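Single chain ahead, written as structure tokens, the form predicted alone.
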């Protein structure tokens, strides 16, 4: 079992900082949780005591979170960085800075669990071999369980309590939640574009402006399906496809 992670939460807004620290302290994988009110205090803390990860609010007075992350990137040892913000427009710039994750406020506990698991993997000093079948998804087919290569899947869709993996030929029921698939498939080109859709960006055919900052996404092999992209995820998607 991996040792607990020591983290530092940096946010000039006390309620948001305290809430995130509270959520982190409730995770078994998290050890010590320290807090800093701005970038200057964060850097002072890091010179006195190393941490495994820093949760950085982007919009702060003085040195903002993006500039702070660039300084942290030059440190040795270098803690992992997780960006946290209520302003989705920052996702475009943040996407170009090496970070383990990007969280939108208010932070959802189930989304934070994914971030913590990513931090655990990023913090491994000697990465082990890729988990067996990590590039495939188990789907139900009658009395059989089939393993579908991730690259064949265009999108995973949550429909009520059931999740389906869509390929050009089939709509497969999956024995996993969308959050579980998001954690497993992010490294294989998938991105959450809506609370009900996890899309394979390697198969993007077109992106159409819809309304109020949202989009409709179409994928190769599923041209009759228009996938909604919510405002919450639009900026990160634009950055991912360099729009």
Partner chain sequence: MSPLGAFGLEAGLTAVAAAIVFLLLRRHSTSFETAEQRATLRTLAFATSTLRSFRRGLTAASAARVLPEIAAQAGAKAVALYTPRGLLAFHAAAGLAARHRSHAAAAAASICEAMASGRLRLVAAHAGPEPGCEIRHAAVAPISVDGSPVAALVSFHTHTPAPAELRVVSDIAELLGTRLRLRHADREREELARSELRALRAQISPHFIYNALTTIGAFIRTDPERARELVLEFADFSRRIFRRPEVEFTSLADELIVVRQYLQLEQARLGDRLRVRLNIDPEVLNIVVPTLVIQPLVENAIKHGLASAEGSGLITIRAEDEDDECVIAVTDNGAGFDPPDHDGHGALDNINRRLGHVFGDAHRLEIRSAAGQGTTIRLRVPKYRPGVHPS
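Please read these numbers as outputs of a predicted model, since none were measured by experiment. Numbering follows the first chain given and starts at 1.
Separately, the form predicted together with the partner chain exists; it is not shown, and the next lines address it.
Engineer: I'd like to check something about residue 177: if you look in the predicted complex, is any of its heavy atoms closer than or equal to 4.5 Å to a heavy atom of the partner chain?
Structural biologist: Residue 177: no, not in contact with the partner chain in the predicted complex.
Engineer: Just checking whether residue 77 would be counted as a contact of the partner chain in the predicted complex - the rule being heavy atoms within 4.5 angstroms.
Structural biologist: Looking in the predicted complex, residue contacts with the partner chain do not include residue 77, since no heavy atom lies within 4.5 Å.
Engineer: Since only the chain is shown here, I'm wondering whether residue 106 would be in contact with the partner chain in the predicted complex (any heavy atom pair within 4.5 Å).
Structural biologist: Yes, contact at 4.5 Å.
Engineer: Does residue 225 reach the partner chain in the predicted complex if we count a contact as any heavy atom within 4.5 Å?
Structural biologist: So residue 225 counts as contacting the partner chain.
Engineer: Taking the partner as it appears in the predicted complex, which of 38 to 46, 177 to 185, 205 to 213, 51 to 59 has residues with heavy atoms within 4.5 Å of the partner chain?
Structural biologist: Contact criterion met by 205 to 213 only.
Engineer: Closer or farther: the C-alpha atoms of residue 228 and residue 114 in the predicted complex, versus the form shown, with a change of 3 angstroms or more?
Structural biologist: Note: Cα gap between residue 228 and residue 114 shrinks in the predicted complex.
Engineer: Taking the shown form as the reference, report whether the CA atoms of residue 115 and residue 159 lie closer or farther apart in the predicted complex; the distance changes by 3 angstroms or more.
Structural biologist: They are farther apart; the C-alpha distance rises by 3 Å or more in the predicted complex.
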